[in-house]
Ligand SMILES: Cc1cc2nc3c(=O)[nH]c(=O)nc-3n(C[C@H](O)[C@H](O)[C@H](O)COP(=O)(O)OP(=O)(O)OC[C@H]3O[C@@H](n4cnc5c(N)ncnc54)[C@H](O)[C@@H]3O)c2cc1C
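Only one chain is shown below, in structure tokens, and it's the form predicted alone.
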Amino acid sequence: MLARVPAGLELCHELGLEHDLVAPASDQPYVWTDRLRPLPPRLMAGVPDGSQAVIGSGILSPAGLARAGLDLIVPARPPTHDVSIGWLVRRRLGHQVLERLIDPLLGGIHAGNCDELSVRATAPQLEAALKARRSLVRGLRALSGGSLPAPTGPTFLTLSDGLQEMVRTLRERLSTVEFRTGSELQSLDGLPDGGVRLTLAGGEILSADHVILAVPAFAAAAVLGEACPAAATELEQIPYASVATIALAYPVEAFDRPLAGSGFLVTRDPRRTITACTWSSAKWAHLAGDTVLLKCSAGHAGNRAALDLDDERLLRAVRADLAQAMSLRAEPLEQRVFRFERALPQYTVGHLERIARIEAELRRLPGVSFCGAAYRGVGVAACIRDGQVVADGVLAALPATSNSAASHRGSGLCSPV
């Protein structure tokens, strides 16, 4: 989880898990262009600052560097409405910066297409920078305080036994909460007194003061179809990308030298299957041992080619990419494919306006709120923050007799989803 979004770190401290937090042993990423090239430090949202590290990295050609330099000369004209990341970056810095730096970083986070992803929803700092100064690069420098010191602290954090420890510990602490799993929620309706009636598969009826739908947008749309059809229509229009994660284990002897770095991002190329590769046992010291662990990603919005392969062909394609990128031709000791259909919501142009319309429609159904990756941030820490904000709002709105027992965040009714 991202360390700079504090909600995840704060929750770990609340749960007494702070001593289990671990930082990456190596935080040096690479990008696979013609070959693996180290990403320079101090990249601002993927935007080069003109430093020698960027110039010497070889990621941008001389023509690409020259085109990016025009940003410092041509006056900025901030967009008056939401635009795509691709639209903004191409006009300020050119195709190469977008395709070799921005898209592998920002597009990779969302498994999305930067020509469709909303600036205001996914990279608001880019628009803010254009409003702050006459160029994108100068604006980003100004927003960072006018100087670009080396970042302090790790970019990412995890728990030594995996992030599932956060979920397990949280559930153990909520001793007064009733959990139901495997109980499908078919529909819900507002009640005259302001509460909510939930209908479960099999016909069971539950009543609640308030329901928080912490589910994907398409699942929320299915539940709200009758109670709030306008919100359901908007929710259905949030697209999703399907992805796969491929885990591989190799003997140490398969590598000429120890992996030095955290892994690499991949520029878009129809001949390549993977979109990123994490050198897990090099990135995280607690995973180091007698084997080298790699985690590859495949699939992105608008392209199911990798997902449509069966496991055998997908593994073959992934290993062909690793052979080309890393000269890794050894047989893995173990390999496994994990598939995630409709996993990553796409914050396309106009996303924030869509969320505002959904919120306006749900005011007609005051006993229902929503949170999760589809709305205000896709990362683990962002989802924790979103859930806390929504839950705090619900508790504040409930009558005193309903929330008096909810003396700490997380108490209250958990509806089955």
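Heads up: residue numbers just count along the shown sequence, starting at 1. All figures in this text were calculated on a predicted structure; none of them were measured in a lab.
Below, we refer to the form predicted together with the ligand, which is not included among the displayed structures.
Out of the listed residues V47, I59, C383, L362, C383 is the one that sits within 4.5 Å of the ligand in the predicted bound form by at least one heavy atom. Checking T245, S144, N303, S280 for any heavy atom within 4.5 Å of the ligand in the predicted bound form turns up a single hit: T245. Residue heavy atoms within 4.5 Å of the ligand in the predicted bound form occur in exactly one stretch of 80-88, 181-189, 303-311, 98-106, and that stretch is 181-189. Contact check at 4.5 Å (heavy atoms) against the ligand in the predicted bound form: none of L159, A285 and G289 pass. Although the partner is absent here, F255 lies well away from the ligand in the predicted bound form, with no heavy atom inside 4.5 Å. None of the heavy atoms of A249 is located within 4.5 Å of the ligand in the predicted bound form. At least one heavy atom of A219 is located within 4.5 Å of the ligand in the predicted bound form.
In the predicted bound form, the ligand sits within 4.5 Å of a heavy atom belonging to A373. Taking the ligand as it sits in the predicted bound form, the stretch 326-344 comes within 4.5 angstroms of it through a non-hydrogen atom at F340, A343, L344.
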